[in-house]
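To begin, one chain is listed below as structure tokens, in the form predicted alone.
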């Protein structure tokens, strides 16, 4: 593949113009604005302009700055993994379940740990779904159980066993101090300790989740922002079908 050097694009191609926002623990004013401009310069940005400076309180100021970045990267060398998802709509997914699995499938979802945010798991699970795409509760061939937020790994696992779930959907929105990594890892360790890792299809989701990170943490797949419910449903269904075919082949 030929080299493809790229850099940020603002007003004209390859001008390197970028926008960044950050907070400094200083009182707002001319001195704080100058500090923000100097700091952005130390990030190797050129021609820095502080476009916004707003006091968060007496000792913290939020800034929006612009500058020109010098580095370029060779896009031809970039590789990224993503979950393989067959494009199917609501009706096709239900049809595949009926024809290829010959049974309803069961999915349980939750926001785990101390995270009280349900926006992610609700977008995938709730009947209304997200972006005009039906949630899993709407699918007649899927039994969907949304446990909500602040669910412990033990409670999630118990529910999954009680309802004979095929897949666990685990969401994390809070990422301060890498809390999401801790919670995802803790759940995976619990599954492995109970020798139940291979019992379920386990999927991670959240604003800082990528498929690569999810695989690294031991999950089957990872989905980030903007994921549609039908994409998750299609992944679950096609993966369960593949596993069934493999199991039948071994028999």
Partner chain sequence: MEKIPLNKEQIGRVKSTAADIAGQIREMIRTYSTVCVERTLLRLYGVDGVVDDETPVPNRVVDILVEENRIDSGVTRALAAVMIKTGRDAKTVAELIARRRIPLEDPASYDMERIMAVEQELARKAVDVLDHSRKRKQAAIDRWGLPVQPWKYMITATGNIYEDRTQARSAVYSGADIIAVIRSTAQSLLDYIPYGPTTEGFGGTYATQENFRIMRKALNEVSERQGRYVRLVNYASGLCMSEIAACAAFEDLDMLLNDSMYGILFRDINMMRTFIDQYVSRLICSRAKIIINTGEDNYLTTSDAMENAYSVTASQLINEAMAKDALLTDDLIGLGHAFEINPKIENAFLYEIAHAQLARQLFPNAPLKYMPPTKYKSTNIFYSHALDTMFNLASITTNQGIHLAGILTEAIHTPLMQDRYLSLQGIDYVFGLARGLGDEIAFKPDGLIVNRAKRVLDETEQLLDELKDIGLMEGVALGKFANIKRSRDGGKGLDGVFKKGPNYSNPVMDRIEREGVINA
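Numbering follows the first chain given and starts at 1. Worth saying up front: this structure is predicted, and the values here are computed from it rather than measured. Here the rigid core means the biggest group of C-alpha atoms that line up within 1.5 Å when the two forms are laid on top of each other.
Not on display, but discussed next: the form predicted in complex with its partner chain.
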Q. Going by heavy atoms within 4.5 Å, which of 157-165, 68-76, 113-121, 87-95 lines up against its partner chain in the predicted complex?
A. 113-121
Q. Which of these residues, 216, 186, 192, 54, gets a heavy atom within 4.5 Å of its partner chain in the predicted complex?
A. 54
Q | Option touching its partner chain, based on a heavy atom within 4.5 Å in the predicted complex, out of 101, 106, 181, 174 | A | 174
Q | is_contact(residue 9, its partner chain) in the predicted complex, heavy atom dist at most 4.5 Å | A | no
Q) Just to confirm, residue 208 within 4.5 Å of its partner chain in the predicted complex by heavy atoms? A) yes
Q. Does at least one non-hydrogen atom of residue 150 fall within 4.5 angstroms of its partner chain in the predicted complex?
A. yes
Q. Quick one: is residue 200 in contact with its partner chain in the predicted complex, heavy atoms, 4.5 Å cut-off?
A. no
Q) Though the partner is not shown here, which residues of 17-36 have a heavy atom within 4.5 Å of its partner chain in the predicted complex? A) 19, 21, 22, 23
Q) Core-aligned, does residue 228 move its Cα 2 Å or more between the shown form and the other one? A) no
Q. Does superposing the core leave residue 24 with a CA shift of 2 Å or more between the shown form and the other one?
A. yes
